[in-house]
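The chain below stands alone and is given in structure tokens; this is the form predicted on its own.
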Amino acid sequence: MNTRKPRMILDCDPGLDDAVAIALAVHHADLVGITAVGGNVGLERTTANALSLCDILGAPDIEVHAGQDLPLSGSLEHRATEYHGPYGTGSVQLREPSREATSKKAVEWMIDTIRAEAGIWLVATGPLTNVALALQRAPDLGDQLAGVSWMGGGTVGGNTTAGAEFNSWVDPEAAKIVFESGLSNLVMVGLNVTHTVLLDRDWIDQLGAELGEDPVAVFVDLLDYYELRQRRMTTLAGAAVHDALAVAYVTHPQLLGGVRRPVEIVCDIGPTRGMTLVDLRPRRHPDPPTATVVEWADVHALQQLIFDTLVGFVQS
């Protein structure tokens, strides 16, 4: 049995669910570095949040590189503060990080790192702006990567518009570049599966009892805010920690499963902009697949994985 942790770059926009994704990556992956992108909040804050979370999780040496703030369209209107709060961390403002970003050249660092070492996984939990620019500038990266796991899109409807999930809606042009880049192992972890893995009030209360006064108990505050916002603004019965599942697909692949399908990214202006159009037709001879579309998750095992991971950070 191979127990070696997968080597991983995490491209993220923390963000409440990104915080849980970072915790999973720190604990269960060999995290090469984090690249930040503007999304849930602006780049300055997503970068600072990534740095602060590394401090809280006892990983202050992990490189954090700041990337692109705006989507390829240049729009400033793409933020999710109604769910994630003005700082991206709900009602909590994380303590100032102990250091500055390693660089402000995330795309260049991503290219150099992937070219230098074959077999790294690239996990993206925000808009695909950084990833698209890297693949545009260095088309050979696809041959080096173990795969790209992206939390975005979905097979039925969206959460930002009727047709589009937030990460895809923010930068559909970037998503289109990635999905048309010819990656041999592209994985889409969309709303159709992330909405099934929910952390409810009882789960969060149990986590709080376990974490006590440890610094990592800030995750209880983050999830408490997120669960409350989800309950007030959606019909979901708990906090959907979408981004954590994109990491778990790499670190615990037995807990999620999917089917390779054709996926088209809609970039037209209008109500379908940002839609991930997944071909679900039962054709005997389907079009060539674009990505593995995750369609199944072991809900209870993933809930337990997240719980045990966060408890595992408690200082003895």
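Everything numeric here is computed off the predicted structure, so don't read it as measured data. In this text, residue numbers run from 1 along the sequence as written.
Below, we refer to the form predicted together with a small molecule, which is not included among the displayed structures.
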Report summary line: If we test each of W121, F166, W109, F219 for a heavy atom within 4.5 Å of the small molecule in the predicted bound form, the one that passes is F166
Query - Residue (of S73, T102, N159, S181) lying close to the small molecule in the predicted bound form, criterion heavy atoms within 4.5 Å - result: N159
Requested in this report: Check whether L191 has any heavy atom within 4.5 Å of a heavy atom of the small molecule in the predicted bound form, and answer yes or no.
Outcome: yes
Report task. Decide whether N40 counts as a contact residue for the small molecule in the predicted bound form under a heavy atom distance cut-off of 4.5 Å. Result -> yes
Query raised in the report: Is M151 close enough to the small molecule in the predicted bound form to count, meaning some heavy atom within 4.5 Å?
Result: yes
Query raised in the report: Is T125 close enough to the small molecule in the predicted bound form to count, meaning some heavy atom within 4.5 Å?
Result: yes
Requested in this report: Name the stretch: of 242 to 250, 199 to 207, 129 to 137, 109 to 117, exactly one has residues whose heavy atoms fall within 4.5 Å of the small molecule in the predicted bound form.
Outcome: 242 to 250
